[in-house]
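Presented as structure tokens, the chain that follows is alone, the form predicted alone.
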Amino acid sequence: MKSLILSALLTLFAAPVLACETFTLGDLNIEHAWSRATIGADRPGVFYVEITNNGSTDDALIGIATPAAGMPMLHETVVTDGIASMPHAMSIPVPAGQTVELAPGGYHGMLMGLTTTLAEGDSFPVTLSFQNAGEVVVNVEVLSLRAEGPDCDDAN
């Protein structure tokens, strides 16, 4: 009975901290991986993350892959003359000694061809491919449709 209660408590409290996990790949720290809930599987999803390069060599995010979408891509929101567009980004620079955010209104992962609706509280893996550091799989937490990002201050 105690293990059942412990499992239930861990389930309740584990999901909100997925986006607050930190993953390390060489000199890169990857954290705050999150997505927004979608209205349905026929609408694209998004992927956001924060990447810190603690090294002395520049790197670049060159691709993403996930079983949650048939066609995941890197995009950048660009506003020209008051009109926003989201062209494909071949890569996202991760300069040495700096932090790059894939965030609303900037660089982001576009998840086209979702395999299922992304529901708040769900999670899915994303493989990040870097030009120099290689690949790392991160857990992505699905937040509410109106989320601005994870609240990691409360998770620690």
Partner chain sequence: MRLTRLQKILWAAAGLATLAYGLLVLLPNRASEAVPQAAFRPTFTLPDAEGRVRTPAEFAGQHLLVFFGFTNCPDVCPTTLSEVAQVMDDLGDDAALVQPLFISIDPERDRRLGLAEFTAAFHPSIIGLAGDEAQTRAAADSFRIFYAREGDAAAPDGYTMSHSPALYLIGPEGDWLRQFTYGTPATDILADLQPRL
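Worth saying up front: this structure is predicted, and the values here are computed from it rather than measured. Numbering follows the first chain given and starts at 1.
If you look for the form predicted together with its partner chain, you will not find it shown, but the lines that follow are about it.
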Problem set entry | Location of its partner chain contact in the predicted bound form, chosen stretch of 57-65, 104-112, 91-99, 121-129 [non-hydrogen atom, 4.5 Å] | 104-112
Problem set entry | its partner chain in the predicted bound form reached by all of H32, L74 and D151, non-hydrogen atom within 4.5 Å | no
For this session: Using a 4.5 Å heavy atom cut-off, state whether L145 contacts its partner chain in the predicted bound form.
Result: yes
Problem set entry | Contact flag, V46 vs its partner chain in the predicted bound form, heavy atom cut 4.5 Å | yes
Seminar exercise, completed: Checked 21-41 against its partner chain in the predicted bound form; residues with a heavy atom within 4.5 Å, sequence order, are R36, I39
